[in-house]
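Only one chain comes next, encoded as structure tokens, the form predicted on its own.
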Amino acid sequence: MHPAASVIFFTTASGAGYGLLFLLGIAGAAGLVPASLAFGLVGFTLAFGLITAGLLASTFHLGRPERAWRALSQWRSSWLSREGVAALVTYAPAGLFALGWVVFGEARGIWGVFGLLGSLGAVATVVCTGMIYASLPTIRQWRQPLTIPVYLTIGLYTGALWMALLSAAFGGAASAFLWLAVLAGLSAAGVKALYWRTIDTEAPVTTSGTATGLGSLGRVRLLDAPTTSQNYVMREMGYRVARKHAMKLRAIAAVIGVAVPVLLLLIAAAVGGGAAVVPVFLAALSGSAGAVVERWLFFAEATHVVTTYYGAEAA
């Protein structure tokens, strides 16, 4: 599949935003961080900014972005519609939680309930995002149980990196969030490694034989191409990444996405105090960049069954 920049930005930015919102709701309701104006203002600006920018970017991939609102009416059958509904619903309790934190300086009690509801909405929205892809039977790399855990763990990890930065800069359980980010990063790396192993070793769901119904007669191969020029299907569905490049990009995602941030977080834990802000900030930037590379590969490595009609032997 051809990786669209708008969708990559949408899934990584909103994932980090929802991860941060989830942690703000839990930490605020539990009293793990101070309900100070600075912490709340920067934290919610960052979380809502990432979420909103990501959701707006997702409309750029539509043929008629101005009609994106109509997708909300299909929530009974469409995971894309359910994602939009979940995103809008989440704004309500999360906004009230932010109001209590920033304006009234209180994140517990009834305001904490709104925070927990916002956290629940964040998880639900990310699940819906993952299900947009996991529900497609035409792409085997997405139609599997690990797709949603990948979205959830990477969203939590990138959100934890920014939460660790906030706690280091404005106080709270700074060391706890540093170690949470380390644990979340290692968990995300483990889930993604298992995902890559799965898509590399599992048998193709569709072959040129099963697609044409001629497989019982022997090996089926393309004699003449269905078109003599590049078309939309070939450009969008038949995008290919050379195997050697995919492996290099996987290594890059692992290094800048997890190895470097974890090392920086360990340095921050060792130095402590205000000096920890710089390495944590660099860790958040590196981890976010690694998430972008991972998400690019998520789309680029996907093979659509329609390509079996354009010369691919399997998908």
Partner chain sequence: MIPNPFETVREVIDPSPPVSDAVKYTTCYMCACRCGIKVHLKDGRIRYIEGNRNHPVNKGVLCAKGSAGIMTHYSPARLTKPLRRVGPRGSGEFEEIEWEEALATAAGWLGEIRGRDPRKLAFFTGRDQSQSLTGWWASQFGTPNHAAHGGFCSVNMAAAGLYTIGGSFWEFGEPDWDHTRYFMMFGVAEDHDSNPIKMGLGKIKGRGAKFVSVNPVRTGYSAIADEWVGIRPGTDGLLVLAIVHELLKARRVDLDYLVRYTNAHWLVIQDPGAADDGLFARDEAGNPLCFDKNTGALTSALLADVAPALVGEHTLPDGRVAVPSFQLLHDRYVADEYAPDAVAERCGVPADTIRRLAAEIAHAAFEQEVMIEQPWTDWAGRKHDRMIGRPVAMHAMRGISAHSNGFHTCRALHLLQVLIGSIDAPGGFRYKPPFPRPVPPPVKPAGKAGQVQPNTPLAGPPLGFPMGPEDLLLDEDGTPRRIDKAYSWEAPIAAHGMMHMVIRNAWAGDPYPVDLLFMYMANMGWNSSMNTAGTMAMLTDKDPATGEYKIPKIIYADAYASETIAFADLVLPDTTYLERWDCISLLDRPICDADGAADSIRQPIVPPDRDVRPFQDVLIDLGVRIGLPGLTHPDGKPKYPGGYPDYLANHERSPGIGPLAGWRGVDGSKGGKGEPNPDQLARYVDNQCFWRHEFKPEERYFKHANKAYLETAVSLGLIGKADPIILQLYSEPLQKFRLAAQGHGAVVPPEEHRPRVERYFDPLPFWYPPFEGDAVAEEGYPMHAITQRPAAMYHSWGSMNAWLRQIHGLNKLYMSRERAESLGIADDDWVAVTSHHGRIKAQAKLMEGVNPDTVWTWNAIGKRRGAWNLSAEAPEANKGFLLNHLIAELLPERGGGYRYSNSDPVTGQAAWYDLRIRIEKVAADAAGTVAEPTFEPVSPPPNPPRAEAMLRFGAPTGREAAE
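Residue numbers count along the first chain shown, from 1. Everything quoted here is computed from the prediction, not taken from an experiment.
FYI, the form predicted together with the partner chain isn't displayed, but the following is about it.
- With a 4.5 Å cutoff on heavy atoms, Lys244 does not count as touching the partner chain in the predicted bound form; it lies far away.
- Contact check for Trp75: a heavy atom falls within 4.5 Å of the partner chain in the predicted bound form.
- By the criterion of a heavy atom within 4.5 Å, Ser175 is excluded from the residues contacting the partner chain in the predicted bound form.
- The partner chain in the predicted bound form is not approached by Gly105, whose heavy atoms all lie more than 4.5 angstroms from it.
- Though the partner chain is absent from this view, in the predicted bound form it lies within 4.5 Å of a heavy atom of just one residue from Ala92, Leu120, Leu222, Ile110, which is Leu222.
- Think of it this way: in the predicted bound form, the partner chain has a heavy atom of just one of Ala124, Ala189, Leu146, Val85 within 4.5 Å, and the residue is Val85.
- The stretch that touches the partner chain in the predicted bound form, counting heavy atoms within 4.5 Å, is 214 to 222, out of 162 to 170, 214 to 222, 92 to 100, 191 to 199.
- For the partner-free chain shown, nothing in 246 to 264 comes within 4.5 angstroms of the partner chain in the predicted bound form, judged by any non-hydrogen atom.
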